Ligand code: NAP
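Take a look at this one chain, the form predicted on its own, written out in structure tokens.
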């Protein structure tokens, strides 16, 4: 039985997830903290919770279940704690090692720039992971969305998300501009805002390591580094070089580079090997549209990954169909990848698929493969039968009325 965490009381019949010698040990009833989220968060969380619980029950009966623990961030935390992100919430995620969350609002008037970013940084969730895969029946703006089946590993703590910047006209900006001019011989216009883009060996290598580990365990044969190293040679370019070092030094017997592919193997990838290659970021945007089947695993810096993941998801139905997770070495936080959509708050019109599919990722993390596969099959069947929410229904030809959030969940559960 877990002790109270500040004002939080964990379920007495649940157990903690633990690590032993680098391996997760999952109890039969793990305690999973959740944040229902702001805006449409409560609507999509209710639907997601119903689906996850039904899938686990269907797969395992009474032998496995989830002990939910509500924790707080965003508007509900402000009401409960008079804080946007209480320390209790952070400690709960650290203790229980896996959690799930809906979308969170960005506080107005100071404090946190983004609660989502803050959670990633304070928990050191350095890999933002987004699988992108087409589900038959989802309307798409491209001719062959079924060719899209990739997973994006985006560095989560550095680059522009480090949040190191100074406003134009501020004392800090003026000091830095002067320092650059006097000490380093670099001229910056005096009426500039200034931002710092850190990219470290540590951050780059651990992100690449995570991407390659995924490729190995999932039998993927292609990992692509996406960067803007032709312009930013000591940040983006360095990311590329450090990532290649990981491939060579830690996965050398499992990987070949594109140069080796042609020099040593006449362009044919040897059985059991993973091809590691790199692409310039702007060219990659064209590649994922024109030749998506050539890319399986993508590893990239923060801002590139932010743009690229949304561009890929647009081909398979948009952010409403996009699962996501943030991984550290010992903690994982699964989340809806879209915003709070406040104009739809409480209207029972939001698409819960992003959060449901993020729940699938969570079940896979727990090793509950049968429950995860059950949800995936039910999602495919529900959409194939025309069961879609309004965000997808209005994209269909001809447009149709979509299901409400709860009606979608009910139909989904029928198909489990």
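All values derive from a computational prediction rather than experimental measurement. Numbering follows the first chain given and starts at 1.
Another form exists, predicted together with this ligand; not displayed. Remarks below refer to it.
In summary, among the residues 139, 237, 195, 339, the only one with a non-hydrogen atom within 4.5 Å of this ligand in the predicted complex is 339. Of the residues given (344, 265, 330, 244), 344 alone sits with a heavy atom within 4.5 Å of this ligand in the predicted complex. The stretch in contact with this ligand in the predicted complex, judged by heavy atoms within 4.5 Å, is 383 to 391, chosen from 358 to 366, 27 to 35, 52 to 60, 383 to 391. Though the partner is left out of this view, residue 325 does not reach within 4.5 Å of this ligand in the predicted complex, counting heavy atoms only. Although the partner is absent from this view, residue 116 contacts this ligand in the predicted complex, with a non-hydrogen atom inside 4.5 angstroms.
Not displayed here, this ligand is kept clear of residue 74 by more than 4.5 Å at the level of heavy atoms in the predicted complex. Proximity of residue 150 to this ligand in the predicted complex falls outside the 4.5 Å heavy atom cutoff. Although this ligand is not shown here, in the predicted complex the stretch 311 to 326 places heavy atoms of 319, 320 within 4.5 Å of it, in sequence order.
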